[in-house]
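First, one chain by itself: the form predicted alone, in structure tokens.
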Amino acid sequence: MNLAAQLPVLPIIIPLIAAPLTILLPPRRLKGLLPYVFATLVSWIVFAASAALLHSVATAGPISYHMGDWAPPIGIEYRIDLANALVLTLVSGVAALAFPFSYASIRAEIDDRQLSMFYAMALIAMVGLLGVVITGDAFNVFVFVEISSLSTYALVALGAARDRRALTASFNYLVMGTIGATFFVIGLGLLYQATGTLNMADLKIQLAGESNRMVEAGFAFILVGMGLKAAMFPMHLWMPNAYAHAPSAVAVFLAATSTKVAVYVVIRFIYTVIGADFDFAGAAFNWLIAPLAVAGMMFASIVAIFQDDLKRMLAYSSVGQIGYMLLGVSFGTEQGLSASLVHLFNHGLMKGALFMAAACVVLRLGTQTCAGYAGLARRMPLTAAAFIIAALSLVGVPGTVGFISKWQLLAASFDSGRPWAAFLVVGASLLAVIYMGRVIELMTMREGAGGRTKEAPATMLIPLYILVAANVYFGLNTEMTVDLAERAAVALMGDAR
């Protein structure tokens, strides 16, 4: 068997096989190191395979893998192009850092007897997210969404060992996630009724020139279902509690990947399946996506200012950042789409680093309130420095990935003849200065209770600083992210036409 030819399926098959094996590893022997090391090695292998796919697609073009050698549209196709290869690398890269990061944090927050189950569920969640990104079959998107969601509900509920509110948060997440999945599958059913196919590329061919009520209703159901999964304003109310009460390591992975994958699905269905030239899609851009994106950017950022729980504040910040991504999509231009893809990737780096720093504070100080960050620069200087750099990236300071995202969105706003959008982006960024600046001021200018505190272990600080370094590196060297996003946008717009 040619291993290179099987590369597209490896990011799914390897963790899918590894997850049940992880359950068999004794959680208490060697202080839970066996499931931790095994799951970490699996995440690194998956990241290596994803990076290889990104390199292959960037140099040789899209890859089409036929499951069981059944050619599409009858068989299930895994199709990798620049757009999903970029998201695939983000998800697997964050996982490759979140798994080694998790050990000390998760042992402090859940029962040791649950460690094997935790890592098994985390691997299944990763399988689901990667499957959503890599598949070229619309119904498979639904299947993988449900795989990731079911494991995620359980992961959030594990936070009950530290805070019983995690159970309520998990239940609310389950209810809202089920509603979103139901809307999505109803939309798929309507598109299947109209075309008789579920292959995304074939759906595009069958829908060419079709503009009837069934197709429009199907698109609307899909948009609402994935909008809920992406925490698009005002369908975001499940997110703050889920991120705030989940175990810190779980929040790291979800905040950096989950909503970004849902936004990717919205982009994929608009450009690869429906087509941006579809009249109903144009109406959705102007009268639904753009207004809700702007509302999310502004209102969620305002709400974040008044949060005392840091993880809730970061969750509301994520709702606002989703607004940035959807705003670029709503322009319906190559530059707007490219800006959305750049920000999708960059936001995963920013928010992953911020939640990692928050997890370090929870481990050592046992607090996640903003007031608890008083004097952190003197008590935990390494953690504080990492948090400040990631916060500056979120604000959009030059030299960070956040600046590149904002710059791309500003350019796309003016290029599309929407200067008002550029002013709103700047306004929302100023709101980010307020809520992130408040925490930085507490960390650097206020006195905290107690003296110098021991830093988090190296297994947490090293992944944290790798993400922080990525925030700076990709802010200074944009050749990979911006160039790949621009090429992906051109290809997607070509599909849409």
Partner chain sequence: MTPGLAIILALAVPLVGMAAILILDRAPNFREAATLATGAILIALTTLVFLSVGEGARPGFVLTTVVGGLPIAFQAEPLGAMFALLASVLWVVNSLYSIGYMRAGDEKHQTRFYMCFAIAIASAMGVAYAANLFTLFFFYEALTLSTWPLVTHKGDDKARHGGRVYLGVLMGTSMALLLPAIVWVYSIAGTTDFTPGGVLAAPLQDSGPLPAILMGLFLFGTAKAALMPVHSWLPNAMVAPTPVSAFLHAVAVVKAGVFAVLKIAVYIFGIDFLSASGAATPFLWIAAISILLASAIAMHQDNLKARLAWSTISQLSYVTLGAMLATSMGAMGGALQIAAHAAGKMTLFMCAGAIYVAAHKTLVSEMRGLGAKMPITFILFFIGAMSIVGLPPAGGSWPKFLLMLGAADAGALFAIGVLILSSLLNVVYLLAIPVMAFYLEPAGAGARSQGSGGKPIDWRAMKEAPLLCLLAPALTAALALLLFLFADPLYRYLLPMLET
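Here the structure is a predicted model, which is why all the values come from computation and not from measurement. Residue numbers count along the first chain shown, from 1.
FYI, the form predicted together with the partner chain isn't displayed, but the following is about it.
When contacts are defined as a non-hydrogen atom within 4.5 Å, none of R107, L115 and L150 contacts the partner chain in the predicted complex. Contact annotation: the partner chain lies within 4.5 Å of heavy atoms from the stretch 405-413 in the predicted complex, the single such stretch among 166-174, 135-143, 192-200, 405-413. Between the partner chain and the residues V433, A470, L34, L461, the one pair within 4.5 Å by heavy atoms in the predicted complex involves V433. A heavy atom within 4.5 Å of the partner chain in the predicted complex is found for one listed residue only; from P234, G399, G75, P291, this is G399. Not displayed here, the partner chain is kept clear of P15 by more than 4.5 Å at the level of heavy atoms in the predicted complex. In the predicted complex, no heavy atom of H55 sits within 4.5 Å of the partner chain.
In the predicted complex, at least one heavy atom of V395 sits within 4.5 Å of the partner chain. R446 belongs to the set of residues with a heavy atom inside 4.5 Å of the partner chain in the predicted complex.
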